[in-house]
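Taking the form predicted on its own, here's one chain by itself in C-alpha cells.
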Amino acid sequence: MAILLNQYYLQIAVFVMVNAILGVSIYLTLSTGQLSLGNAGFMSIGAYTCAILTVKAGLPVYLAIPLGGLAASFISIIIGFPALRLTGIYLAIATLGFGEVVRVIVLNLKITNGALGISGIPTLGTKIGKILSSFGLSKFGGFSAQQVSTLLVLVILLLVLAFLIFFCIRLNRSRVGRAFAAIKADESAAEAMGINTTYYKLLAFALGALIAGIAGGLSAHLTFFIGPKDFAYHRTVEILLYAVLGGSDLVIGPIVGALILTLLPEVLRSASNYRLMIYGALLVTMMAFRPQGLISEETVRYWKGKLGRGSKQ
C-alpha cells in the first residue's frame, strides 16, 4: 500500500488518465475514418484557454476547463469545413499544419507569454489540498494531505474517463454511431444511402477537439507551467500512437495504447534520449505486423469465445 501511495506513482497514474482521455479524443476522430493530426493543437488551445482564464481572469478551475474544451471545439468547426473536404494523407498534412500554426501563434502572442509560457497555474491538487485544510483534514487516515489530494484528483480523472467511455459506447449504438461506422467503411456508399457525411464528419471532428481541449485544460491544471514545447510535433505523434498501438476499432484500444506509452518512458528512463526513435520503430513494427492494433473487434470476439468455452467446461 505504501508503494501504491508513493507520490511518484500517483503522479504517473494521473498522467495515464490524461493521456487516456486524449486516446478517446483520437478515437472519436478516427471513428469516421479521418486521419487527423490536429489533436495536439486542440489540446494546446484548451490548455492555454484554461490557464489564461484562471491565472489572468481569476475564473474557477471547474468553469475554465469546460470553456477550454468548447474553445477548441469552436476552432475545430471553423477549420473543419474546409479541411474535411480532404481525405487520407492530405487531411493529415492539413491538420498537422494547423497544429504548427497554433504553436507559432502561441509563440508570438503577448497574452500567452510567448516562448516563456504561462507559470503559476493553480493545480487541482493544490485546490483540493486547500479545501481539505479548511476542513481541518491536513491528515486523513494516516495519509498526508498531498496524498489525499492526489488520490482525489485521480478519482476525478477516473470518473471523467469512465463517463467518456460510457458516452462512446452509447454513441456507437446510436444512429450517429452507425452513421460514423458507415462513413468509415465507405464514405461514397454512405453518402449514396442519404447520410449527410459532411455533418457527421464535422461532428466527430468537433467532439474529438472538445475532448482534446478538456484534456489540455486538465493537463494545464495538473502542472504548474505550460509552454509551446509541450504541444509540439512529438505530442502529435504520441497521441496518434495511442490509436496505432492500442487499435482504433474500439474505444478501449487507444486507452490501452495510452497506458502502455505513458508507462514505457518510465520503464526505459535510461534510454530517454532515444524515446522518439523507439516510438518510430514501434510505429513501423505495428504497421507491418499488426496494423489493426493490439485490440480489435476480432480480438474481443476471440477472447469472448475462449472465455465462454472455458466457463462451460
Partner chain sequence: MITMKKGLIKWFSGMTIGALLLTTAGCGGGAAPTANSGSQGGEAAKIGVISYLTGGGAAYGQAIKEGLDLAKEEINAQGKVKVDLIYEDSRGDKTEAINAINKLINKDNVVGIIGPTLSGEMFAAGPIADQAGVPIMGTSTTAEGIPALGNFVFRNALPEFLAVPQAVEKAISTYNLKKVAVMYSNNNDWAVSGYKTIESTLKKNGIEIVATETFADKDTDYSAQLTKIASLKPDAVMVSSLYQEASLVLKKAREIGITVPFVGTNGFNSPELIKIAGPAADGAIVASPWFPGKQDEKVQKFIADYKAKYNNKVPDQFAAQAYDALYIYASALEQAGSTTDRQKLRDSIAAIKGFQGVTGKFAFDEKREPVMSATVLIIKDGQFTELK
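Everything numeric here is computed off the predicted structure, so don't read it as measured data. Residue numbers count along the first chain shown, from 1.
One more form of this protein exists, namely the form predicted together with its partner chain; it is left out here, but the text below deals with it.
Only one of 131, 111, 116, 155 lies close to its partner chain in the predicted bound form, with a heavy atom inside 4.5 Å, and it is 116. Residue-level contacts in the predicted bound form: of 240, 190, 148, 83, one residue has a heavy atom within 4.5 Å of its partner chain, and it is 240. For the three residues 185, 223 and 274, a heavy atom within 4.5 Å of its partner chain turns up in the predicted bound form in every case. In short, of 83-91, 203-211, 161-169, 70-78 it is 83-91 that has heavy atoms within 4.5 Å of its partner chain in the predicted bound form. Proximity of residue 107 to its partner chain in the predicted bound form: non-hydrogen atoms within 4.5 Å are present. When its partner chain is considered in the predicted bound form, residue 63 lies well away from it, no heavy atom lying within 4.5 Å.
Its partner chain in the predicted bound form comes within 4.5 Å of a heavy atom belonging to residue 12. With a 4.5 Å cutoff on heavy atoms, residue 198 does not count as touching its partner chain in the predicted bound form; it lies far away.
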